[in-house]
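As structure tokens, one chain now follows by itself in the form predicted alone.
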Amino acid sequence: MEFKEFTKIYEVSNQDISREVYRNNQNTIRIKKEITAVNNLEKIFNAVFYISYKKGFQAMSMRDLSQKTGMSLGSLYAYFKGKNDLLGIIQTQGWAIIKKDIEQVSKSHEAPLEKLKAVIKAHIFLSELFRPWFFFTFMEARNIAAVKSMEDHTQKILTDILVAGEKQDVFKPGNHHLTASIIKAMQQEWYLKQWKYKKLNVSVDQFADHLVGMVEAFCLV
């Protein structure tokens, strides 16, 4: 599957994500009109990602966020109690993006090799679609327990595929935990150092295919 085909199957926008955040947090968000809340949440998330990229989330003040969004401090507090609450919302939603679609991709294939290729590509394609979410989650929350849990979960999916493939004589015996860890690191490479691959004129499809090829060469019997 190529990126263009993937986006048709897993078509979702930043506004869709903001709508999901609103519906999942209606008990704490004080704005009752959905269209207003969704538009403002999208504005808030975009501002957080921009400011965090420039100076880091911890250095961001609520006044910075107010100025960037054009919303008053009081309006911002209608959506979250403070920075830690906002961090938790973004972290939870970023995890939801990955978990739901990666598991769906994994379940759509039976053969270990096809499953492995699909999961590797899906993670890279999702990070291309939602790079600000992936980048922010890694850079600003990498030491938080929930993020470590997210990494463990996605890595376990890869490990389980490799273990199952070895039992079916598709993949060589080996340290599958380590292999999965290295695959995970290479997937992260795409959204953390995208500038490097743009300089080499490498597209997301080329990167995904190259990584899959390397994994096949190393793992296949």
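None of the values given here were measured: they were computed from a predicted structure. We call the rigid core the largest set of C-alpha positions that still match within 1.5 Å between the two forms. All residue numbers refer to positions in the sequence shown, first residue = 1.
One more form of this protein, predicted together with a further copy of the same chain, exists but is not displayed; see below.
- Only one segment in the set 163-171, 25-33, 39-47, 57-65 has residues whose heavy atoms sit within 4.5 Å of a further copy of the same chain in the predicted bound form; it is 57-65.
- In the predicted bound form, V202 approaches a further copy of the same chain with a heavy atom inside 4.5 Å.
- With a 4.5 Å cutoff on heavy atoms, S13 does not count as touching a further copy of the same chain in the predicted bound form; it lies far away.
- Mapping the unseen interface onto this chain, D101 falls outside it, with no heavy atom inside 4.5 Å of a further copy of the same chain in the predicted bound form.
- Using a 4.5 Å cutoff between non-hydrogen atoms, F138 counts as a contact of a further copy of the same chain in the predicted bound form.
- With the core superposed, I9 shows a C-alpha displacement below 2 Å between the shown form and the other one.
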